[in-house]
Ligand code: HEM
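To begin, one chain is listed below as structure tokens, in the form predicted alone.
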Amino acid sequence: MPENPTRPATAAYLTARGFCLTSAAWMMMATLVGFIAALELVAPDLTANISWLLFSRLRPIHVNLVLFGFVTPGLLAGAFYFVPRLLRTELYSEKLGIVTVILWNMALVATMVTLAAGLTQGREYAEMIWPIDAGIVTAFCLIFFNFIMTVKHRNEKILYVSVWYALAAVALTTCTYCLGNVVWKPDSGSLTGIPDAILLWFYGHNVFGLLLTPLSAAAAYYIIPQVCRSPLYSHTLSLLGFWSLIVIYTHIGTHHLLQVPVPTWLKVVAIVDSIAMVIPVMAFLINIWYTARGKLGLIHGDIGGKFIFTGTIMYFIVSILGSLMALPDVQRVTHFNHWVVGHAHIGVLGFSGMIALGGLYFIIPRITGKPLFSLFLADLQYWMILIGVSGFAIVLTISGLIQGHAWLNGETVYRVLSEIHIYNIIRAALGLLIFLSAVSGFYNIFRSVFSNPGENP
């Protein structure tokens, strides 16, 4: 049955609240860092004398704060709300959840400080030094323990697909994080040569495929039927999507390494599975879209549902582009340029980020027992992000195609810079828009959680 969004909160949901605030606060920091980095692409000497504001330090800070500061906590906030509800029990331990939130934020602060100071393992998506890796892995273990003990004490025998996705995301990411960050070698955090590149991109792609994607799917599978006031279209299709995602996505990271001397069989597996991703993607999308068929008015009328449904459309776009980019003839043009950056923004901000924010706006009235502080600010943030991520996709795709075709024809890097300068300016302007959306979102979420009088302005 659909929930009453303004019913009195039946539990404290302290862990969910903690991750809500974590996500909103770090989204501001992550987007601010990204905006400053974008400005440096326009004016490279802007912060040239400040070491901790160099682009080479801002870029990994931005990436890791978006992944682990904004999107993952936002999705975990939703999971800490709907997992106990689907199991018809309370979370096993709210105290353990709060400890996890504190540990998570300590790791994020340490990440920002150490990367700004130049302390890094120098591996993309795996830059954090070993003590931070240990803290993140510990936090994932605590989350999984809390979830699995909640499952053990459940009053509902059937495990709805959202529970499957949430448990798999946390369990598999714990394993892939340890592998990708080579935690058994604290001194370097890496292997040597090609094996390290293979292992790194196994991890780098699975941060999205085995963490953000399952958690996003879990939120969508719970919230869209609630918003549409109808059952999920097909539970069988949901399990097909789940198992095909786990089996297929795991192997596609090597499509980032088609230009390097990786074994050919591994490249072939990565390319084939990249194309085969159409199976889990369409199984998920058909299920969600058929659930919402004829109910778009209800989705438009619910701010959380609107964020999440838009996120599913972004998932379709980013998945099509991902499969296309895995083809060697296409990658000759798109590799190492702004096309890839645009693709990443559609996936992380457009798909997972939109769903994370939708989850926050859906659960906050239910964990506080009060309406959102401002539906206007939430809707404003929706449009700012939609414009921003759409702009990123268009501008960075054009810029990337200019770079890729110029390099393919033997042009040097510096001679292309003047051609893409205007696109970097537009990119920075869009970054400012996203940062302002994060500020308005934090204000709205903070007031909703702490000081909302119970009425929408």
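Values in this document were obtained by computation on a predicted structure and should not be read as measured data. Don't overthink the numbering: it's just position in the shown sequence, from 1.
Note that the form predicted in complex with the named molecule isn't included here; everything after this is about it.
- No member of the trio G391, I394 and I398 reaches the named molecule in the predicted complex with any non-hydrogen atom inside 4.5 Å.
- Residue contact with the named molecule in the predicted complex: I434 places a heavy atom within 4.5 Å of it.
- A residue is said to contact a partner when one of its heavy atoms sits within 4.5 Å of a partner heavy atom; Y125 meets this definition for the named molecule in the predicted complex.
- Within 4.5 Å of any heavy atom of the named molecule in the predicted complex lies no heavy atom of F68.
- Using a 4.5 angstroms limit between non-hydrogen atoms, P225 is distant from the named molecule in the predicted complex.
- Heavy atoms within 4.5 Å of the named molecule in the predicted complex are found in one stretch of 304-312, 182-190, 323-331, 92-100, which is 323-331.
- Out of the listed residues I299, L199, V340, I367, V340 is the one that sits within 4.5 Å of the named molecule in the predicted complex by at least one heavy atom.
- Contact with the named molecule in the predicted complex, defined as a heavy atom within 4.5 Å, holds for exactly one of A378, L87, A107, L212, namely L212.
- Heavy atoms closer than or equal to 4.5 Å to the named molecule in the predicted complex belong, across 37-53, to the residues A37, A38, L41, ordered by sequence position.
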